[in-house]
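Before any questions on binding or motion, here is one chain by itself as structure tokens, the form predicted on its own.
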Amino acid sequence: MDVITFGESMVLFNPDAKGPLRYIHTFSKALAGAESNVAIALARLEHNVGWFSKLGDDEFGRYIECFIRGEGVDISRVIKDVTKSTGLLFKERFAHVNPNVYYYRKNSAASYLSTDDIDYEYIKSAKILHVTGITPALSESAKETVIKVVDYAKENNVIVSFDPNIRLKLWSIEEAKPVILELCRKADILFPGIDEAEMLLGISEPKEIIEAFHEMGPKMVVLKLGKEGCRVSDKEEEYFVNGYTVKTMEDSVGAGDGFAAGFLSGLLRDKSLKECGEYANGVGAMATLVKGDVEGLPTYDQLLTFIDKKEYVDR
């Protein structure tokens, strides 16, 4: 495997119209989950990827399995729990703003993920392990599992990639901060957003943020700056990489996951640090062009065309 990741995926219900959910009567069903978004993005970029979680033994769980497997991601280590349900979430849309998100995931099957559920030989088979700060927010057992898997990966020379992905609807910043910072210290590649960095470190200047995170341990820090682009550093080199212009953004959810996948794809292809940043910005921007978390994620050829690395031929 090039990359293995794990965490909760849910069934997303997207409203077919804008406005408060109490006035919405029809929804479109889709997939949601930061880690599966990254896995699908990497699979579309032609990498061998594995994803696992715990799912309810229900129709929503079967839908998630079929969807992710259909994208070319290995799901052989997924566990079914006959006593728990698969998590759900609903989006609420208003004009020209990011959607509101409502979770129905408390006591879901994935929240019961434990250290006994892990195939450690499978983890060892990866070049990169990608984890996020969402999974440890689900439960105490999920938090222990993330930390143990990360430690095992590091002991077995697997590169650890970490996206803090702070979700204050799942836990408070007081609960999140010590756990997220512990995982930052263990990471080899770190993907903080500028707002997350301010919450964690209390500073807002990008260069200072990167220096502070490097001092914790990560070899690479990839600071997400939204539409402006990103700042990438590997301690020896540091670059600001301009973002790509998106005239009409349909949905920003999933863009950060696409961003991380783009960077990891460049790394796996031995691209330069700056090129990895361009890949990250490109996938992140393309993810916003289509409604849904994964629907806008590009193939490798589409990415190269979008970032002007390949000429577009329309017919």
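Values in this document were obtained by computation on a predicted structure and should not be read as measured data. Residue numbers here begin at 1 and follow the sequence given.
Below, we refer to the form predicted in complex with a further copy of the same chain, which is not included among the displayed structures.
S.K.: For the chain seen here without its partner, which of 134-142, 85-93, 220-228, 192-200 has a heavy atom within 4.5 Å of a further copy of the same chain in the predicted bound form?
M.R.: Result of the contact check: 85-93.
S.K.: Look up in the predicted bound form whether residue 156 has a non-hydrogen atom within 4.5 angstroms of a further copy of the same chain, and give yes or no.
M.R.: Residue 156: no, not in contact with a further copy of the same chain in the predicted bound form.
S.K.: Would you please decide whether residue 100 lies within 4.5 angstroms of a further copy of the same chain in the predicted bound form, comparing each non-hydrogen atom pair?
M.R.: The answer is yes: residue 100 has a heavy atom within 4.5 Å of a further copy of the same chain.
S.K.: Going by a heavy atom distance of 4.5 Å, is residue 271 a contact of a further copy of the same chain in the predicted bound form?
M.R.: Output for residue 271 is no: heavy atoms all beyond 4.5 Å of a further copy of the same chain.
S.K.: Answer with yes or no whether residue 238 is in contact with a further copy of the same chain in the predicted bound form, where contact means some heavy atom within 4.5 Å.
M.R.: No.
S.K.: Using a 4.5 Å cut-off on heavy atoms, what residues in 24-40 are near a further copy of the same chain in the predicted bound form?
M.R.: In sequence order, 24, 25, 26, 27, 28, 29 come within 4.5 Å of the partner.
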